[in-house]
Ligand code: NAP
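Okay, here we've got a single chain as structure tokens, the form predicted on its own, with questions on binding and movement later.
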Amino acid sequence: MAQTMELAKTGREVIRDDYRCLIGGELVGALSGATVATHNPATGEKLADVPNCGAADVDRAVAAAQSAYPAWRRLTPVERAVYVRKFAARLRERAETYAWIDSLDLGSPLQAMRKDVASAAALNDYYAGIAPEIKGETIPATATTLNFTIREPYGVVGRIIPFNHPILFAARIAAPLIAGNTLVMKPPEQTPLSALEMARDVREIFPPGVVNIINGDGLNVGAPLVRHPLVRRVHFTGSVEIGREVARAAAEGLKPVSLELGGKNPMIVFPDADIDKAVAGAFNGMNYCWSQGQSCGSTSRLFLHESIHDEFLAKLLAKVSTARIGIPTDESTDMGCLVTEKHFNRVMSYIELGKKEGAKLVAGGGKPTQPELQHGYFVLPTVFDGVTMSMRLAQEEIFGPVQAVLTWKDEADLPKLANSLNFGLTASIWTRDFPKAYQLAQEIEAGFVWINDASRHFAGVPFGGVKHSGMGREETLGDLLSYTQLKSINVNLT
């Protein structure tokens, strides 16, 4: 509580003037000495200069990870899990600092960023708890032979994380580490500060070289990391376009890759749904008050049955109007701002496109009017009605606080409407008729389907997409095992 009160006075005190990367257990700058500035998207204020690394820095980070790998691999999964539990405890100890850094650097509400830190710590503990599940099996053969399998790590893992939940994604190091791999991580170039702060805690907890964190852009750090011959497995979270490039580069090295990519996720409301709960689900599912809609799982296509459309939309607009948009570090703020000017302009261009396409703007559509918000990249929660599937507004991921309302009449059309895009990350179905919901859930092409819920994640429940929304699953035992390789061993007993 004392830390919370102190930070509440200034907030700026959590920002360092000496951010460094972590390579081989040492806090270092880029070999070239290059730096790049990061700014507060809510105010335009410069926050810090951070290292701007290149391919040579990737080489030394991978070399450090490769050097640390043999000793780390020799530990048992349970022994490696001890380090991960210490890391989870450190996240909780410093939760307020991390939340403030992300709120300042990203522009999401402070209260939401506290939840991100808590979620990251909990997921690390979850993986530590299932460490003993890294095991093989015995296979019946003959009376004189024994066959069994063991699981082994890949070696050095490269991980590239997105800007929208910086500490939540940066701190997801448990799965590759408990599996016995070492790690080289590239933070998001838009929001690098919490990962670089995390480097200091990682340095104190893990042996040198087990975790390496290098900052830079995709061209000069991300691409060399994916292509590096000593990086044996890659994980990427981000856009479909960059995901394709990562997959292509990884394929050149014949290395496994997992991808968590974009979404244009349908939420389907039936006439018998609990309207009030579904309205709350539509609002929460858009992540207005978590990430300003900057989430691949946002339910940005809202399909309303024609018989409930008017009632539902009126209640949704009333709900949207309650969102308190403001300076992200203000304790009373529900909704912050977008991450960069470039992304702000992209979202605003889609809003203008929606108007030109003939959709009806019924909420938001521009910046808030408060004087203190004019220097930031704020966009009011925006709702378009009268959207059709032929509009780009209904087809392309905007990654911002823009929700498209579509009307449906015939249940038989729903699978086609939901599945008409190349995305397939999440879906949300609202009805009191569970058999109907279950049947539709089976027909929808998505990796995660909520019934009478939206947006929530649960440790141990696989999360990931199909089609262009990704490959692989996270937050589950399968994710942990995906960082291992099976080896078969035959023993001749004669």
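Just count from 1 along the sequence shown to find any residue number. Model, not experiment: these values are computed from the prediction.
Omitted from view is the form predicted in complex with this ligand, to which the following refers.
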query: Exercise: L261 in contact with this ligand in the predicted complex, heavy atom 4.5 Å; finding: yes
query: Contact label in the predicted complex: Y98 to this ligand, heavy atom within 4.5 Å; finding: no
query: Exercise: V202 in contact with this ligand in the predicted complex, heavy atom 4.5 Å; finding: no
query: K186 within 4.5 Å of this ligand in the predicted complex, heavy atoms; finding: yes
query: Answer option from F87, F312, W72, F163, heavy atom within 4.5 Å of this ligand in the predicted complex; finding: F163
query: Contact residue in the predicted complex, chosen from F384, F303, F169, F378 - any heavy atom within 4.5 Å of this ligand; finding: F169
query: Answer range among 405-413, 360-368, 155-163, 122-130 for contact with this ligand, defined in the predicted complex as heavy atoms within 4.5 Å; finding: 155-163
query: Joint contact, A223, F236 and C296 to this ligand in the predicted complex, by non-hydrogen atom at 4.5 Å; finding: yes
query: Residues of 190-216 having any heavy atom within 4.5 Å of this ligand in the predicted complex, listed in sequence order; finding: Q190, G216
